[in-house]
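To begin, one chain is listed below as structure tokens, in the form predicted on its own.
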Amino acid sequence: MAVIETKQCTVRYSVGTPFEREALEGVSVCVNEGDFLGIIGHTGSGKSTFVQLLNGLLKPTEGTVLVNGRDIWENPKEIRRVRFEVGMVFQYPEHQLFEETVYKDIAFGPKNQGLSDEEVAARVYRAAELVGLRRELLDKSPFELSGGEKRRAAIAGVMAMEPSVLILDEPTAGLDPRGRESLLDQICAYKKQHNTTVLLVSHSMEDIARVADRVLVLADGHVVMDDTTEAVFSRAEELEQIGLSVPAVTKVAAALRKAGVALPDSIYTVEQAKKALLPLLKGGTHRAV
């Protein structure tokens, strides 16, 4: 079942001025319930513009955005409700922390949903636990936390609203490999626990390959690919032509195939490479026949 649809959406900035430009043109995308959709594209491709359409932060110049079958702009006075259904985590979300304590920051969204104090508390503790924030940190000022803890607190604030769709725009930007891996694990755990639809915008092909089951590729404001992760990363040459790449392990696998190693074309994670290579190494045969 479709939870979000964009129908022929076009977005123009600075309309009617000499600086008018088109950020998206005629974009039609259907996101189904339970999808883990990765969104990739070079800088300026329209990724951030696209995701900001989905919860009403931007209004399309032309076209329609549907959430659970309803046009979100049919009644502009109800757009706030849409933002509870479709939660957005911006790049460097820790810059949006503002409350006196971490608890209050995480509780801000649920309180604005009109929930009881008991339900707000339950959601704060669940979200904090899910992102790996210790309870003793909840009484601290968010500005006393480490960089990684601030990131977790900000993401917990969106998760605590328990939206049916969670959008994350470059959530791992600036994190070290261990921090990036930990955060992706937490996002996957949240998705599984709440059966949430997740959209992840990232410049990291490795992150997308690891968690997404479907990939949307944008270039110059247009959708150029929308397919399974395996199918998209099998089109390495086309991705390179629009300024993108494939995961490093996919490049290594391609080089090994070229050297005669019998590997499948569908390798885009380290685990897949390990699974394909170990039998060859154990069997002592690795040349293609």
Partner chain sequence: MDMITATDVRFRYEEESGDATAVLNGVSLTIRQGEFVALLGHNGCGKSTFAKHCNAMLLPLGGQVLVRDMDTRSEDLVYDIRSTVGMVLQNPDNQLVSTIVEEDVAFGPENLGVPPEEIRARVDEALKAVGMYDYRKHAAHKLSGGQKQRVAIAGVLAMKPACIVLDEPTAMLDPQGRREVMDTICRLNRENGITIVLITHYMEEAVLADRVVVMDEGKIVKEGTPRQVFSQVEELRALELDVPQPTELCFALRREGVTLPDDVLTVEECAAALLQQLP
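Remember, predicted model here, so these are calculated numbers, not experimental data. Positions refer to the first chain, counted from 1.
Only in words, not in the display: the form predicted in complex with the partner chain, which the text now covers.
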So, a 4.5 angstroms cut-off on heavy atom distances: do all three of 2, 48 and 126 pass it with respect to the partner chain in the predicted bound form? no
The partner chain in the predicted bound form has a heavy atom of only one listed residue within 4.5 Å, and of 176, 117, 71, 78 that residue is 176
The partner chain in the predicted bound form has a heavy atom of only one listed residue within 4.5 Å, and of 261, 225, 57, 66 that residue is 261
If we define contact as a non-hydrogen atom of the residue within 4.5 angstroms of the partner, is residue 34 a contact of the partner chain in the predicted bound form? no
For residue 191, is any heavy atom within 4.5 Å of the partner chain in the predicted bound form, or not? no
Would residue 91 sit within 4.5 Å of the partner chain in the predicted bound form, counting heavy atoms only? yes
In the predicted bound form, is there a heavy atom of the partner chain that lies within 4.5 Å of any heavy atom of residue 205, even though the partner is absent here? yes
Could you tell me which of 57-65, 40-48, 227-235, 25-33 sits within 4.5 Å of the partner chain in the predicted bound form, going by non-hydrogen atoms? 40-48
Stretch 223-243: residues contacting the partner chain in the predicted bound form, 4.5 Å heavy atom cut-off: 240, 243
